[in-house]
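Just the one chain here, the form predicted on its own, laid out as structure tokens.
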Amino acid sequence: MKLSPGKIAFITGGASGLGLGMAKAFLERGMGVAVADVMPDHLEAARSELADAGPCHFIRLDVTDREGFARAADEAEEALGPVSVLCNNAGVGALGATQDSDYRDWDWVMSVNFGGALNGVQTFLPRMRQRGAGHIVNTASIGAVLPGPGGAAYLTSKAAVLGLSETLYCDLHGQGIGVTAILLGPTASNIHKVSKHRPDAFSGTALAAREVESGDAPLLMAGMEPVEAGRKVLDAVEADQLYLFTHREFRHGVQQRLDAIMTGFGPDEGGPPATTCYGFPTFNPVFGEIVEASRKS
């Protein structure tokens, strides 16, 4: 999708971190931006920072609130016009091993990170289909394809976001609606502050207590500047790119993980690389198209 001046983006978690970086990148292109965020202080700071950057509209939104999401979509489109790019970026992080996690930790993280993305899709996809055009950007994580210890709920939620993105890409292929999954590496973020807004229903866990003890200490002391990552997102949208890895440093690690997955088949004994059995193909041609397009570029 060509991101020409006048097109509108709707960004959840848009008042800080990558969300704000994407807002700045889209505004640099002359687009309008609806910045949606659950944290009022971040919204006010973003309002001040983007005051002269271009057409913006600011909305308080809890992405787990489906009715609120629909109202926010109506408000954004009334204020700015039809949304062409949806960025499902809002996220929370409850870091801890599986054995240290409580149902409440899982429910909170999954409801925001995966449920929020799903609610965004369910809200905006019918509008995009009616117009026959649009692009959906879902913020996953490098951890979705290169998981490690200590982030069970967070990494699982991001793997779910990646799966949602891949399925959407396949379902919408050829219909004028693109999908990009951001496999985000270390990027300056305020995700460590969102724990202040953990609802009471999900509080009282060991991980929640750890979040309170850590206070405002950032998870990352350094990382990519959000606006740099935002510009990468802009380029990926224009290229109709499904996978966007923001940090090349993880290339070897991701390849190792993919190689490890393939060991599950046992030795390669040859045979047809692609066939149809069990009533459906054993391959997906969409992924072949992505590989072929990459070779030609």
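Residues carry their position along the shown sequence, with the first being 1. What you see is a predicted model, and the numbers here were worked out from it, not measured in a lab.
Another form, the form predicted together with a small molecule, is not on view; read the next lines as being about it.
Q: Is it true that L18, Y154 and S189 each have at least one non-hydrogen atom within 4.5 Å of the small molecule in the predicted complex?
A: Every residue of the candidate spot has a heavy atom within 4.5 Å of the small molecule in the predicted complex.
Q: For G91, is any heavy atom within 4.5 Å of the small molecule in the predicted complex, or not?
A: Yes, G91 lies within 4.5 Å of the small molecule in the predicted complex.
Q: Is L184 part of the interface with the small molecule in the predicted complex - any heavy atom within 4.5 Å?
A: Within the cut-off, so yes.
Q: Find out whether any non-hydrogen atom of R29 is located within 4.5 angstroms of the small molecule in the predicted complex, and reply yes or no.
A: Contact with the small molecule, no.
Q: Taking heavy atoms only, is R231 within 4.5 angstroms of the small molecule in the predicted complex?
A: Looking in the predicted complex, residue contacts with the small molecule do not include R231, since no heavy atom lies within 4.5 Å.
Q: Could you check which residue among H197, H173, R210, R127 gets a heavy atom within 4.5 Å of the small molecule in the predicted complex?
A: Answer to the contact question: H197.
Q: In the predicted complex, which of the listed residues (S165, T123, S141, S84) lies with a heavy atom within 4.5 Å of the small molecule?
A: It is S141 that has a heavy atom within 4.5 Å of the partner.
Q: Among 34-42, 47-55, 232-240, 260-268, which stretch sits within 4.5 Å of the small molecule in the predicted complex, heavy atoms only?
A: That would be 34-42.
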